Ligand SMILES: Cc1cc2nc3c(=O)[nH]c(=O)nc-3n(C[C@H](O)[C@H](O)[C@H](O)COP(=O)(O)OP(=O)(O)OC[C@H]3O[C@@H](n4cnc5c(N)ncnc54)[C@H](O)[C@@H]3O)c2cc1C
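Form predicted on its own, single chain, as structure tokens, below.
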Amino acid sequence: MSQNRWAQQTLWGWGRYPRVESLVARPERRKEVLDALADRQGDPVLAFGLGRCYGDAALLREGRVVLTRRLDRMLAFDPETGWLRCEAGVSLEEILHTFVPRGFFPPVVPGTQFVTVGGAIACDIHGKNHHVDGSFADHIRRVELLVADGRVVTCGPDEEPELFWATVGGMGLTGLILSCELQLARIDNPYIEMESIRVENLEQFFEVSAESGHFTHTVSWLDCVTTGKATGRGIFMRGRHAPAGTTGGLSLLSRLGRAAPALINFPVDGPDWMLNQATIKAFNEVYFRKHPKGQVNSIVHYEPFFFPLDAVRNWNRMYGNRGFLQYQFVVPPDPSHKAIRLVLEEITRSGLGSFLAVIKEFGERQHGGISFPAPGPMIALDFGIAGQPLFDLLDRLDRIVLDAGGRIYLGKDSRVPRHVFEQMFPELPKWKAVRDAWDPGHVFQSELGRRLGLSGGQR
């Protein structure tokens, strides 16, 4: 790949904050990726997939960014075992459309299908089934990784395991993922047996969550602005893949999104005033009240169950040109749920409500290093950029999470201070030692890595 194959481009994550200028390359073959690393002119390098990291984890100023989206080949599949070998740029959407008709489903999916396999590994993504099936890495047996000295190294739980577990959740800072072997799960049809329950407060959420272990997938929408006895109210959703013979269909919103995506779209940035405390409170009230008291049983297609927001293209634009931050954290189990209550109280007190908020309890599996999933309740909150008051609020939330022994998700972060991050991840020194052994010159860098002292060019 010659120098003229690099082109200047503005990149940003799903939160549209921050935005950076980078030199990018668009390889279509493995050899072109190797050429890109060799042709970096001494600059640091980073991979970029579909841009669904919310913050600065996939961004790099003053460096070279390899866009992996065109590395999208499925290389081999064993229908007896479900093992799929594919390139890193293959998206979960492509896996779903190819294999659901054949009776297979990705073992773990996040809240969107528009992520690449490489990004899923780098973030060690989790889903609604973490309490049963763990995270994405629990279903990977082999990764091909282009490391700093130009070699392609195969790693996995049983082969170069230290490199594998540093790469899992390593945010792309151990090398460029070229391909992997992923085991898909068997299903009988594309439908989900779903139960939704209106929970009146935080206590009821934890009660329902505790009795939902026989469901493979659980999550709850959370009203984070209502206070008093209704603190933590929401809609708890639990489901499992439906058995053979089940029939159903797509929701109207999903059908419209497939047939005419331009109709279900945010084509322009929303006005900055659209999401404020009053509109968020009104939305939460309507959304909560539209669900009947008690439980509703239904059969739904997998798309609205797993990916409800995917039916609305470019929904991130509703936060306006300023962009937004997602604050996602997990804290250890606590019978009093003190940290969760303190977070919700702090948000209410600030007047900066979160428009989209979910809560779930993770299972026991965790992978160390800087991977996010750990046992305990997890909350994800979206905040439109609102100047210094928002950053002050998030600093206060950091302290609550840190005091509880919790951590934040790097795949969604763009602002946590380095000293706070280092306290949240006690296995960081071990991760750094493995990374330094494979990349002593810190060839692989990112804005997140620089900000948190994970790679060169630290600031």
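None of the values given here were measured: they were computed from a predicted structure. Position 1 is the first residue in the sequence shown; the rest follow in order.
One more form of this protein should be noted, the form predicted together with this ligand, which is absent from this view; the next part is about it.
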Looking at 193-201, 77-85, 281-289, 122-130, which one sits within 4.5 Å of this ligand in the predicted complex if you count heavy atoms only? 122-130
Note: exactly one of Leu176, Val168, Leu184, Met237 sits with a heavy atom within 4.5 Å of this ligand in the predicted complex, namely Leu176
Select from the listed residues Pro27, Gly406, Gly51, Gly63 the one whose heavy atoms reach within 4.5 Å of this ligand in the predicted complex. Gly51
Interface membership of Val115, this ligand in the predicted complex, 4.5 Å heavy atom rule: yes
Contact test in the predicted complex: Ala47 vs this ligand, heavy atoms, 4.5 Å: yes
Looking at the partner-bound form in the predicted complex, is Leu309 within 4.5 Å of this ligand by any heavy atom? yes
Please tell me whether any heavy atom belonging to Trp315 falls inside 4.5 Å of a heavy atom of this ligand, as the geometry stands in the predicted complex. yes
Can all three of Gly232, Ile340 and Thr348 be found with a heavy atom no more than 4.5 Å from this ligand in the predicted complex? no
Could you list the residues in 55-89 that come within 4.5 Å of this ligand in the predicted complex, counting only heavy atoms and keeping sequence order? Ala57, Ala58, Thr68, Ala88
